[in-house]
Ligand SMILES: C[S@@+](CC[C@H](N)C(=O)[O-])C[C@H]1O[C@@H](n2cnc3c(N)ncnc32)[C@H](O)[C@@H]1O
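Single chain ahead, written as structure tokens, the form predicted alone.
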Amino acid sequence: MREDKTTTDTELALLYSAVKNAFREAHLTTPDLDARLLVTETLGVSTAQLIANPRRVIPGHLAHEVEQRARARLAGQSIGRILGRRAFWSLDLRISPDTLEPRPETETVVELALSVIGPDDAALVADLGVGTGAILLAILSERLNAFGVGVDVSMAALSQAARNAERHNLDSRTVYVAGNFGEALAPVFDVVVSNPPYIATDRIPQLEATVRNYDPHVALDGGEDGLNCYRVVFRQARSMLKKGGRLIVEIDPAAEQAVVAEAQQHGLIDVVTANDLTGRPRALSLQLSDDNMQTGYKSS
């Protein structure tokens, strides 16, 4: 891509081809899709218009904006970060530097939650580390009688989740609370969901640039073994879940057995595992034992 700050008017097809070719030469995973999304979203044109009107003249200032965004993509920023929005489930979510960018594999958590909440249930759901609100809002969009509480340590993330709820007309069924996972909650929840930070600290530098350089590290870093946040959530389970309630967490597929073992140490049983679209274990549904619900669990 050109580095000059002044861009002349150009035809739509020429601009699109330049972006697409640059992305192909950089060996991006999905160069054509990325180019199409970047061009259409930046210019406010549809894919049909991109095909049907290739000789449409794009003013220089808009062409320059496309080129600037293309350079950001080549530098490792994701299309979602560049555009400030990301599709998740059936929702169009706004994202910010303060929130994790929702990813398709996290929809596995939503699927598990929906499997235990009946279509007409007036369930109370908590989302720990709510971020953009992706998981919570996806559940509420499918379960019209459910009510949700989003928890996060970041006030900026809570504000972003609240804005996303308002955009999707779900604000009347959500409230947001600042806190360390479930510390401020009471044992009244039918379902508690969480995509906690689970990357071991020394693995973060090895992550792809779109994650390593742009997702907030507080939403990634799970401590030395990647299990620190699970320990907190599992320890809090008895103070969040009502009798028969389920705790559903996203996991690193490679850490399934370690997470299950940690859960069992905290009295969480009846493990149900759900695979993502690649066939790898991506989410766990857990339940406190009756004894644990009655007496509380004493961790060692």
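Remember, predicted model here, so these are calculated numbers, not experimental data. All residue numbers refer to positions in the sequence shown, first residue = 1.
One more form of this protein, predicted in complex with the ligand, exists but is not displayed; see below.
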Pick from S141, S78, S96, S154: which has a non-hydrogen atom within 4.5 Å of the ligand in the model of the complex? S154
Listed residue that, although the ligand is not shown, lies within 4.5 Å of it in the model of the complex (heavy atoms), from T174, T108, Q160, N195: N195
Which of 203 to 211, 115 to 123, 68 to 76, 131 to 139 sits within 4.5 Å of the ligand in the model of the complex, heavy atom basis: 131 to 139
With the cut-off set at 4.5 Å between non-hydrogen atoms, does V218 touch the ligand in the model of the complex? yes
Using a 4.5 Å heavy atom cut-off, state whether L100 contacts the ligand in the model of the complex. yes
State yes or no: in the model of the complex, is some non-hydrogen atom of G223 no more than 4.5 angstroms from a non-hydrogen atom of the ligand? no
4.5 Å heavy atom contact, N145 and the ligand in the model of the complex: no
